[in-house]
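Encoded as structure tokens, the following chain is the form predicted on its own, with no partner shown.
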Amino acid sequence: MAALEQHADALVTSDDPQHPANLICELCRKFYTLGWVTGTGGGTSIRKDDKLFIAPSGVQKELMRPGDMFVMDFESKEYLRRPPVLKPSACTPLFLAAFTLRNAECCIHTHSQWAVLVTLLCERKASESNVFAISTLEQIKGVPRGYGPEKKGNLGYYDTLKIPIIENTPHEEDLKDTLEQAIQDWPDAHAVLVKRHGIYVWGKDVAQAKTLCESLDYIFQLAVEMHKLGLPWVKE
């Protein structure tokens, strides 16, 4: 048993700052300063080869250590490492949706107040309650255009960014089916908003997921301020 535990610990032990166990801790510390993972909320997962590294549930994300990470075999979905005193992330089924359906290598879940606010503003518009749409903002250029060889690069200034919105549920893992459906219904989406909750963002690698998360949060904040001023999100 001791040998098995040592092998499991070796999965999260590295001096390389880019190792997923180290990188998740560093990212969550940064996300805490942005208000994205306050009160133990939110989470991050990274896929490295055939393994998933997942932040635990119910912990202060800015204080996490590599030894707190769960490690899952991507193919079998069995845990290779389970810290005995921590709980697996309730986000895990949602992370798996992005890894499986979008071949993502990083998925980030935040409780950004700006993400929550735009879902509330969309909720007030019956015809737009299931999608956030905005156009003619420079930061839209930070959002990938979509998937497939014909959709290389990022959106342009005159494009309309659209992000699907799904209903929240009392238990986070119960979002799995509706998030998977949103991914299928919106084949170019790199993110899904959860009403009155937050957002899930994924990317082909950690850098893309992180910069996309930052770009979207900037756009959401602008959208809230635009609404206060009576400015339309989509230019006529």
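Residue positions are given as counts along the sequence shown, with the first one as 1. Note that the structure is predicted; figures quoted are calculated from it, not measured.
A second form of this protein, the form predicted in complex with a further copy of the same chain, is not displayed here; the remarks below concern that form.
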**Message:** Counting any heavy atom within 4.5 Å as contact, can you tell me which stretch out of 36-44, 66-74, 49-57, 177-185 lines a further copy of the same chain in the model of the complex?
**Reply:** 36-44
**Fill in**
Partner-free chain; cross-checking a further copy of the same chain in the model of the complex, the single residue of Leu86, Ile165, Val116, Leu161 with a heavy atom within 4.5 Å is Val116
**Request:** Answer with yes or no whether Gln139 is in contact with a further copy of the same chain in the model of the complex, where contact means some heavy atom within 4.5 Å.
**Result:** yes
**Prompt:** Looking in the model of the complex, any heavy atom of Gln221 within 4.5 Å of a further copy of the same chain?
**Reply:** yes
**Prompt:** Taking heavy atoms only, is Tyr157 within 4.5 angstroms of a further copy of the same chain in the model of the complex?
**Reply:** yes
**Asked** Are any of the heavy atoms in Ser135 no more than 4.5 Å from a heavy atom of a further copy of the same chain in the model of the complex?
**Response** yes
**Request:** Scan 222-236 and note down the residues that get a heavy atom within 4.5 Å of a further copy of the same chain in the model of the complex; none is a fine answer too.
**Result:** Leu222, Val224, Glu225, Met226, His227, Lys228, Leu229, Gly230, Leu231, Lys235
